[in-house]
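Form predicted alone, single chain, as C-alpha cells, below.
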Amino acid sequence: MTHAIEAVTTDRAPAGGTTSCHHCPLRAMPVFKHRCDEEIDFIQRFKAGERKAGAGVRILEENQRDTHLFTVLTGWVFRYRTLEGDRRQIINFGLPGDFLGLQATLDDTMSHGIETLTDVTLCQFERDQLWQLYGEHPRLAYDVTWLAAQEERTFEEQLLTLGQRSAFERIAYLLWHLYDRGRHVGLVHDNAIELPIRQQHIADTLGLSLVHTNKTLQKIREDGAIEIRERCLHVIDEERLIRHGRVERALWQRRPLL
C-alpha cells in the first residue's frame, strides 16, 4: 500500500543529522569520479537538506510541479507513469548515487512520479540553483549533461527490451542489470543482492502480465543461472544470465556523483 506523501520528512538544516558532502559514504566508491575540494564545497552549498521516507512513499507526484532535484543516498526508488485504469509503466529504478529530477524543465510539471521501494535518504537540491552550477562550474555542468545523456542511453535499452527481447530475455536482462548496478555501489555480497522489487514491479517494468512474469521467472530459476530466496537474488552463473539477457556490456567508466 502506498503511503501518503505527507509521510516524507525534510531536514533543511545544513548540519545536525544531514550528511556532509565531504564525508559522503558514496564518494569513496570506485564507481564515482574524483571531485576537487572546490567542487565538493559548491555541492555542499547546493544541497538544501535531506529527505527521508519509508517504503511505499511517493516522493514526486505525476503532473505536479516540484522545485527539487535529488541524489539517492540510501535505498531504492522507481520512476513510473500511469494510464487510466491504474495501468503503470515503471521507467527505471533509482539506486544509491543516482540523480533524479532532470527530466523536467525549471518551470514545467513532472510527467512521471517517483515512489520509494525501501526506506530511503535523499539529498535534496533546489532546481533553480542549476543556473549557478552551469555558470560557475563548467566541469559540474558537463557532468549533469553526461548524466542526462546516460538517461537517454537507458531509455534506448528499455525500448530495445520492450520491442525485441522475449519475455525470458527481458527478465534475465533486468535481473542482471539491477545486480550489476547494485554491485558498483556495494549492495552485492557473496554474489547476492537484496532485491526489494516484487513480481508486479517486474511486470510493470517489462510490459508483461503477472502470470507471464511468474512463469518466466520460474523457467530462469530452473535453468540454474539464479536463485531467489527471501527477496534476495543469488546469481549462480553470471555469464549464463548475461547470455540469456542478450546483454551487450558497455565499457566501464566512472560516473559523476552530485
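We number the residues from 1 along the sequence you see. Predicted model, so just to flag it, every value in this text is computed and none were measured.
Just so you know, the form predicted together with the DNA exists too; it's not on screen, but the next bit is about it.
J.: Heavy atom within 4.5 Å of the DNA in the predicted complex: which of H68, R27, R198, R65?
T.: The residue in contact is R198.
J.: Please pick, from A167, V188, L133, L102, the one residue with any non-hydrogen atom lying within 4.5 angstroms of the DNA in the predicted complex.
T.: When the DNA is considered in the predicted complex, the option within 4.5 Å is A167.
J.: Can you tell me which of 211-219, 29-37, 44-52, 57-65 lies within 4.5 Å of the DNA in the predicted complex, counting heavy atoms only?
T.: Within 4.5 Å of the partner lies stretch 211-219.
J.: Is there a non-hydrogen atom of R229 within 4.5 angstroms of a non-hydrogen atom of the DNA in the predicted complex?
T.: Because no heavy atom of R229 falls inside 4.5 Å of the DNA in the predicted complex, the answer is no.
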